[in-house]
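Before any questions on how it binds or moves, here is one chain, the form predicted on its own, in structure tokens.
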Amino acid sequence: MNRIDAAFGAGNGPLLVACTVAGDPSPDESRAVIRALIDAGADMLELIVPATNTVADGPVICRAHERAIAAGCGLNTVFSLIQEIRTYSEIPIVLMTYANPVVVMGEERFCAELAHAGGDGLLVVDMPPEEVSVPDTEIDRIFIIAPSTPVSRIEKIAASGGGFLYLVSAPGVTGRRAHLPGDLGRRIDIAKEVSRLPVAVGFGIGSPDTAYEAVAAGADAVIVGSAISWAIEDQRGDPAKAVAAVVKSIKAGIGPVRTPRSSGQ
């Protein structure tokens, strides 16, 4: 059992997946941010490889990409950050990236390097299951379900993926929302009817209230990204302290609905 499966199977869910652009606002400060996310209670990390041409990310996370790139963070730095995390934590780590660095390095070598660094999962935003050429590695391949994804497609994605299903809460790009759509529970139920994988909800989770709405709708995990990037941007003097406050606040939001259903079983 890998670290992702162990986290969902531990029965401590729903989980909080803390998402941050690796190297934001600088590699040194990113180390402190990541440490703070773990110490504050994050159950899983999603580290984003900085990119120059983002698609699904909203303006807050786009600025995080820009800060990390300006600070000199590239793929080698990202792998080094993961290796450093492994010296003090066994938290599951999912790497999120666009296809470019995977294609340039070669998919097989990329997965091997990620596994060697200590990563557990890989989400390539713009690489559908049909384009994955090396699915059988120790790295879980994680795929996104959009609000427009038909059931037949969800079945195919679920059969090709591992770790969990990343369910987008609402159309559009990443960013905080006041509330999640009313059909979220129905879409989570559909995903669970055709897959045994846990369902993690992202896009729009930026407060205790929206985190509560997601897990009350049946999510096994919530993915928090823009709120963390915003905390880094807004509190440049002490971003580690600011992101810790975000994690603790949202953990408080999902605590009241920790149920067996939310363990991913």
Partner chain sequence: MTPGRFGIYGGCYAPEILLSPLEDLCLSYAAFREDEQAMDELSLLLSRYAGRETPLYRCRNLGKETGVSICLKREDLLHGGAHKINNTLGQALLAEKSGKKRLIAETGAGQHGVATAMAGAVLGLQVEVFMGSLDMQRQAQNVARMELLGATVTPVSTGSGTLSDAVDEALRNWAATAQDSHYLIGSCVGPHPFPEIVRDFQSVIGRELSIQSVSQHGRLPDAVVACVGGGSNAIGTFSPLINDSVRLVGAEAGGVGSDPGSHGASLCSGTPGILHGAFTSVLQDDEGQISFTHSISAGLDYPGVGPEHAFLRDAGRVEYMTVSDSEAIAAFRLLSRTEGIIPALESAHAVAAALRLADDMESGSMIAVTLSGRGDKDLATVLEAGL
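Residue numbers count along the first chain shown, from 1. All figures in this text were calculated on a predicted structure; none of them were measured in a lab.
Heads up, the form predicted together with the partner chain isn't pictured, but that's what we're talking about next.
Partner proximity in the predicted complex, defined as non-hydrogen atoms within 4.5 angstroms of the partner chain, places exactly one of 81-89, 190-198, 114-122, 147-155 at the interface: 147-155. For the chain shown alone, A36 is not a contact residue for the partner chain in the predicted complex, no non-hydrogen atom being within 4.5 angstroms. For A71, no non-hydrogen atom is located within 4.5 Å of the partner chain in the predicted complex, even though that partner is not displayed. Residue contact with the partner chain in the predicted complex: A51 places a heavy atom within 4.5 Å of it. The partner chain in the predicted complex comes within 4.5 Å of no heavy atom belonging to A32. Contact check for N76, A99 and D126: all three have a heavy atom within 4.5 Å of the partner chain in the predicted complex. Counting a residue when any of its non-hydrogen atoms is within 4.5 Å of the partner chain in the predicted complex, the hits in 101-123 run P101, V103, V104.
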